[in-house]
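Next up: just one chain, as structure tokens, the form predicted on its own.
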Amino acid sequence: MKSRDFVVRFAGEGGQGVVTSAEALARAAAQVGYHVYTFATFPSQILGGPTWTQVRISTNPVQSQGDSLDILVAFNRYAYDNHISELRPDGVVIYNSEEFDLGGESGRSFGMAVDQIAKEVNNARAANMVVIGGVAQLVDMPVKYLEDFVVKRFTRGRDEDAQIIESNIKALRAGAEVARKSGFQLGELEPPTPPKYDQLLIRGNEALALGATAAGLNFYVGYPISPATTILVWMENNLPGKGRFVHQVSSEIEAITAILGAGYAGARSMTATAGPGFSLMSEGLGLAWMAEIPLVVIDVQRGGPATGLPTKTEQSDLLSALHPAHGDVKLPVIAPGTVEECFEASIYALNWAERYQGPVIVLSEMALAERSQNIRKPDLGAVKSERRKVYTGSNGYQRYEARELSEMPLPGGPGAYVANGSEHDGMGDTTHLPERHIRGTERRFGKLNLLNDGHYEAEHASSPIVVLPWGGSKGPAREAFNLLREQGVDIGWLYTMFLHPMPPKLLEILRKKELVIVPELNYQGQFSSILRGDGIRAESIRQYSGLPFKANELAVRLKARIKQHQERKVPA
């Protein structure tokens, strides 16, 4: 029987090639036209600790990391003990026989001396190729797919390329032979059906960075912090050039003040951080709101307050993102739900910042930032880049006098002004007059009405009960929704990445629903509490384990919540 979808998990100790194996398999599969989706989780120390990476490969587009495992590759005993419960009954375990021996403990398993085999093909670094050769054999994936990947990966114009390619191909074939001799087979994976458009295998953080540069980003500073560091690294490698600036600073406070100054001077400026760094940026974000300075901050969410879970995923910074500063502040927030939306989100964020002249927050999360997914290759030439309204008149201009948006003078040009963090009059001078504070507050909030071009998704939206996920929970929620619709459950789908301001039409639809169910990765049910404040009957399905939802488990919980709601409606 041919298979159209399979999930393999590589688990072991950091440094054992867990991530390398998964990424190589994903890239090889994507190269020939399969849809791939990876998920990685690892400890926060630099080296070592329990690590695992999951790869889902399918002939159809996939939206989550997958639930049960078809193959578990266990590099040590701890990995086997902690992941075997997620293997489906007819799944197969490949274990590193140089580390431990299962004997007859697991009926569907076989050992593989990965390091020894790699040495036998004269390439001690090819252990990961041995493993993925075995994985491919179990699903009858043609070894040529992997060999073509090896040739492309290691053809770099160097004298040693031929030897490296030959040894890696030998490693693939050796691993496949061990798997063949085991006698296990998981069926034949259907051939891929490549889409009729170019694709790009890319991580969420890379997509955020690529979208920002396509939108005209020309000033980036940042401080390394998990899981946002790879955005800084990408910028250091790709942003430098004439009229552009990138720099690593010594703290998140320095980062926010640097992009404040750059935004004031006319640059399209951005930084990226995680929860602890975002907290340190609070005062700077309040100044950007008060002084009306365009800038973008990406917050790649991780688990827990304080240091919490630095390398795990969560959706618990929403309240902080909306209200990062003291006083009356409510910032625009965009939360992408897919890798493709990451590219779009940073474009919208930079354009929104320029349009309303203020700070914009992009909320990503670890599971989205670190996963690889193949997406339609973006057309960078089609990206629209908005620019702020710049004042070009004569001196004497009052920057803050208008009731709503006004043109923004640039330093060194006419109409110079002080971007004051105190309440100010039209010129920017400090004032404590009540009428000026009222006028300034209403101006700052009124400008949010300019950000009304966010889009949303709707399917079977006539249902009185809808599911409304946000951020990275979109994919598992969508698969759960599809399962429920196949079972005949009356439920609708609504989704947007524009959390504030939300698309006005979407708000109208939501206010008419009997129940809006919000799957989210936090304890407090943050998004549903915000929706209730907007007059929407919203309830959360919460998870706060540091891991994403599983689609099948979420479908069960959604169905139970719908039943509970219907029972409440029936009079006793």
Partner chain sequence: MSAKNPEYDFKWCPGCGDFGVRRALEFALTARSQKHEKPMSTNVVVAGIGCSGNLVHLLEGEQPFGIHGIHGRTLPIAFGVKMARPELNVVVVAGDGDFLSIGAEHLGPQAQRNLDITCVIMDNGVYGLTKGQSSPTTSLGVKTSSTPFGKIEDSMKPLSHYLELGVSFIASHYSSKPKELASLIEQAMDHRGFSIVHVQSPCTTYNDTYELLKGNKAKGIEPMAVPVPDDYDPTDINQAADLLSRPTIPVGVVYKSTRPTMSDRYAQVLTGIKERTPESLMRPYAL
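Positions refer to the first chain, counted from 1. A quick note: this is a predicted structure, and the numbers were derived from the prediction, not measured.
Heads up, the form predicted together with the partner chain isn't pictured, but that's what we're talking about next.
For the marked spot (31, 206 and 249), a heavy atom within 4.5 Å of the partner chain in the model of the complex is present in each of the three residues. Within 4.5 Å of any heavy atom of the partner chain in the model of the complex lies no heavy atom of residue 449.
For the chain shown alone, residue 192 is not a contact residue for the partner chain in the model of the complex, no non-hydrogen atom being within 4.5 angstroms. Proximity of residue 418 to the partner chain in the model of the complex falls within the 4.5 Å heavy atom cutoff. Taking non-hydrogen atoms only, residue 289 never approaches the partner chain to within 4.5 angstroms in the model of the complex. Note on the partner interface in the model of the complex: the residue among 123, 482, 441, 431 having a heavy atom within 4.5 angstroms of the partner chain is 431.
The contact residue chosen from 283, 459, 86, 98 relative to the partner chain in the model of the complex is 283, the criterion being a non-hydrogen atom within 4.5 angstroms. Partner contact region in the model of the complex: 410 to 418, out of 410 to 418, 70 to 78, 172 to 180, 102 to 110, criterion any non-hydrogen atom within 4.5 Å of the partner chain. Applying a 4.5 Å heavy atom cutoff to the partner chain in the model of the complex picks out 244, 245, 246, 247, 248, 249, 250, 251, 253, 254, 257, 258, 260, 261, 262, 264, 265, 267 from 243 to 273, in order along the sequence.
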